[in-house]
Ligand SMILES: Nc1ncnc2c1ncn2[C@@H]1O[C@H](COP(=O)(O)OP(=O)(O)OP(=O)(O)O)[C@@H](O)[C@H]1O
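Here we start with a single chain on its own, the form predicted on its own, put down as structure tokens.
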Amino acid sequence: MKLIVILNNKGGVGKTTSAVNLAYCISLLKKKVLLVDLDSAASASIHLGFDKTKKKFSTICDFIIDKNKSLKNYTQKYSENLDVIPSERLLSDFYQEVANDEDDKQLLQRNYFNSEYDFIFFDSPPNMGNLVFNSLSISDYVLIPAQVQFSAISGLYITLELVDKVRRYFNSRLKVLGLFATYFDRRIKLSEEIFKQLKEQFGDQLFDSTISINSKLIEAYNNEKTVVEYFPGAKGSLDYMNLAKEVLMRIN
């Protein structure tokens, strides 16, 4: 069982889109996957049809306060090999309130997640709050989406500094599995230049697989489906499947 945090302190870089579609693609490769939504925006949950404002179901908030921590009571089945623990919009305030009342400030422990799953992905919020520290402190790897814009590069160093801090003080086994480029448009020369700069700065940490700009990713979200289900032949589908294969190759 491998626990992986998908992390970037900057919003709008394709983090949640990547969490959802990567988790699904890995599940198609015969791996049992659990996606845990830790973002109070609940975007990953809504993407997969788990909208707390439309129907009732248990969320990560319910899981946190359950003393028994029976994982199966809080997972929602999305597909044959993909389960989800959804989020809800009060998560951030809820987590902090509960943490203030607990002696152990780490409300999520590694042993709460059983080895029924090959991979557990955490979709993190776009901030560096306690919930992010908690997920990093129990995980094996970090995956970082790197938006192909000059303005986004500086944020990558903030994210890597956070990972290094967690590794030094809380979780020595935590590793950066890699960075992968998002919003990549090969038709634009600037995109190629930024990708080259990312390669120069981060070397082998940068995945060869890239996630292109693709309207089908937005359409898939609006239809509460992964892009592979919505349009299997779309560039976004092929990109995420390639990334999934490369992720498995790196871990193995």
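Just so it is clear, the model here is predicted, and its values are computed rather than measured. Each residue number is its position in the shown sequence, starting from 1.
Unshown form predicted together with the named molecule; subsequent notes refer to it.
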Partner contact for Gly11 in the predicted bound form: the named molecule, 4.5 angstroms, heavy atom
yes
Gly155 within 4.5 Å of the named molecule in the predicted bound form, heavy atoms
no
Against the named molecule in the predicted bound form, would Leu29 count as a contact residue? Criterion: heavy atoms within 4.5 Å.
no
Whether Phe207 contacts the named molecule in the predicted bound form should be assessed with a 4.5 Å heavy atom distance threshold; does it?
no
Among 207-215, 61-69, 193-201, 223-231, which stretch has residues with heavy atoms no more than 4.5 Å from the named molecule in the predicted bound form?
207-215
Would you give me the residues of 151-183 that have any heavy atom within 4.5 Å of the named molecule in the predicted bound form, in order from first to last?
Tyr183
